[in-house]
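Only one chain comes next, encoded as C-alpha cells, the form predicted alone.
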Amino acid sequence: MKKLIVANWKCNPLKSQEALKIFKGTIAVASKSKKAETVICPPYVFLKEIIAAAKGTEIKIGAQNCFWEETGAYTGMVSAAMLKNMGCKYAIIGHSEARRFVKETNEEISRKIAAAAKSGLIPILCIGENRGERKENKTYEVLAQQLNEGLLKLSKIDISKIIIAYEPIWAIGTGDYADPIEIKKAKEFILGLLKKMSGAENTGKIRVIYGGSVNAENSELYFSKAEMDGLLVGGASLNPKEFSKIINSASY
C-alpha cells in the first residue's frame, strides 16, 4: 500500500494564481512517486481550479471540511455531496483548528464523517490530545473518546475505508518535535481500538497518518521509526520544494 501524503493548505494562499503556482510546483514529484499517493486540500474557493489542474495527473484533491446535510437552508455550508460532485476524493474532518475555532464537537464530527462516507468521499478523521491532556497522561483517553464518538455512525465496512490522522495538538504549527516512538505507540493504540470497532479482517485496510509540524527534515523519521502510513502536512505543503522532499521521503 502506498504512503498517503496529504497537503492541508489551511487558509492559504490569498489568490488563485498563487494556489496554481504552488500546485504546479508539486506535480512533477507527486506524479512520478511510486511510493506515495499525494492529496492536496486547498481552501474551498480554489477547489474548482485545482481540480481542473489535477486532471491527467496522479494527484487527488480533498476538501478541508464538509457539512452533514446534502442541501437545504444552511447558509455558508458546503456539503459532502457537493464536494464529491466537484471531483474531490477526500475530506479532512475534525481538524484541531476546526475543533478550536468553530467549536466542532465529536457529535458534529460524527455526522460529517457519516455524510462524507455516504457521498463517496474518503474521510480523514483528525484526532489528538492537547498539551494539558498530554501532561496529565490522558492521551489515550482522549484518542479513545474522539474515535468512539467520531465513528459512532459508521458501519464496520465504512470504518475500514477511512483515514485516521493522529495530530497531537501541542505539536501543530509549533515546531515541537514529537518523538517517533511515542507516535508509533499511539498508532498501535489507535489500531487496537479500530480492530474492536471494525473487526480484524478490516483493520489492515485502514491507514493511520501523522500530522504536527511535519517538514522535510523530520518526515522520514515518521516513516522509518514511527512506521506511519502517511503524513498530514500543513505549512510545509505551501513550499513546493520542501513538500516535494517530503513526498520523496516516503521512499526512505
Ligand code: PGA
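Note that this is a predicted model, so its numbers are computed, not measured. Sequential numbering from 1, following the sequence displayed.
As for the form predicted together with this ligand, it is not shown, yet the points below apply to it.
Residue in contact with this ligand in the predicted complex (any heavy atom within 4.5 Å), chosen from 158, 97, 104, 133: 97. Checked against this ligand in the predicted complex, the residues 213, 203, 33, 65 give one hit for a heavy atom within 4.5 Å, which is 213. Proximity to this ligand in the predicted complex, taken as heavy atoms within 4.5 Å, picks out 213-221 from the listed stretches 213-221, 42-50, 22-30, 191-199. The candidate site formed by 10, 167 and 234 is fully in contact with this ligand in the predicted complex, as each residue has a non-hydrogen atom within 4.5 angstroms of it. By the criterion of a heavy atom within 4.5 Å, residue 125 is excluded from the residues contacting this ligand in the predicted complex.
The closest heavy atom approach of residue 120 to this ligand in the predicted complex falls outside 4.5 Å. Taking the partner from the other structure, this ligand in the predicted complex has no heavy atom within 4.5 Å of any heavy atom of residue 87. With a 4.5 Å cutoff on heavy atoms, residue 172 counts as touching this ligand in the predicted complex. Of all the residues from 109-131, none has a non-hydrogen atom no more than 4.5 Å from this ligand in the predicted complex.
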